[in-house]
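Just one chain is shown here, as structure tokens, and it is the form predicted on its own.
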């Protein structure tokens, strides 16, 4: 019975996510579902990315957290449209939650919408929101065992950003092993090694994302 209930929930969410996607398609809007564990660096990456691309593209953000609006306040300082969703205990965002924010945006005025999901390596991977693709961040301090422990997150993602590589010399962890383990789960992952602290590797991420936005706009 439990399996049947979960299946019904996911199928209902998939239908809403498809409807969301159709709305995004009308504006040729690239939508990214950004996921990670708490503290891996989602908001820091968003801040850096907004600074790098805001002269080229119009960017909007949906922030998901269990409580508080701290991350949305950080993004709002970048003077871009941002909406906070507080789940009140739920460990992920879903298509219906995202739908409730649409009235706050003018999608025709945006090129890129980033959904910063709740910090969690389990539930967000299961629920689509209408995104073009999922991207995840894995920070070096988390270790190379995470792809084996949380395979669905890596399997469902198109992009993996390994963050905090500046800490690698001080930790008993190999970035190369993290990449190898991730690629075992999903050989098609596009991987970027970055440091939001030092800026290392971020230019490659920015260039890749620019191409993705431009391709979406011309689709």
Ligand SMILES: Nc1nc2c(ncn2[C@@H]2O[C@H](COP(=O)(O)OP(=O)(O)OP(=O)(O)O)[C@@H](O)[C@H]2O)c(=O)[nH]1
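Note that the structure is a prediction, hence the values are computed from the model and not measured. Residue numbers count along the first chain shown, from 1.
FYI, the form predicted in complex with the named molecule isn't displayed, but the following is about it.
Participant: Thinking of 119, 164 and 195 as the candidate spot, does the named molecule come within 4.5 Å of a heavy atom on all of them in the predicted bound form?
Facilitator: Every residue of the spot touches the named molecule in the predicted bound form.
Participant: Looking at 51-59, 29-37, 149-157, 176-184, which lies within 4.5 angstroms of the named molecule in the predicted bound form, counting heavy atoms?
Facilitator: Of the stretches listed, the one contacting the partner is 29-37.
Participant: Would residue 190 sit within 4.5 Å of the named molecule in the predicted bound form, counting heavy atoms only?
Facilitator: Flag for residue 190 set to no.
Participant: How about residue 74: is it within 4.5 Å of the named molecule in the predicted bound form, going by heavy atoms?
Facilitator: Output for residue 74 is yes: heavy atoms within 4.5 Å of the named molecule.
Participant: When the contact criterion is heavy atoms within 4.5 Å, does residue 69 count as touching the named molecule in the predicted bound form?
Facilitator: The answer is no: residue 69 has no heavy atom within 4.5 Å of the named molecule.
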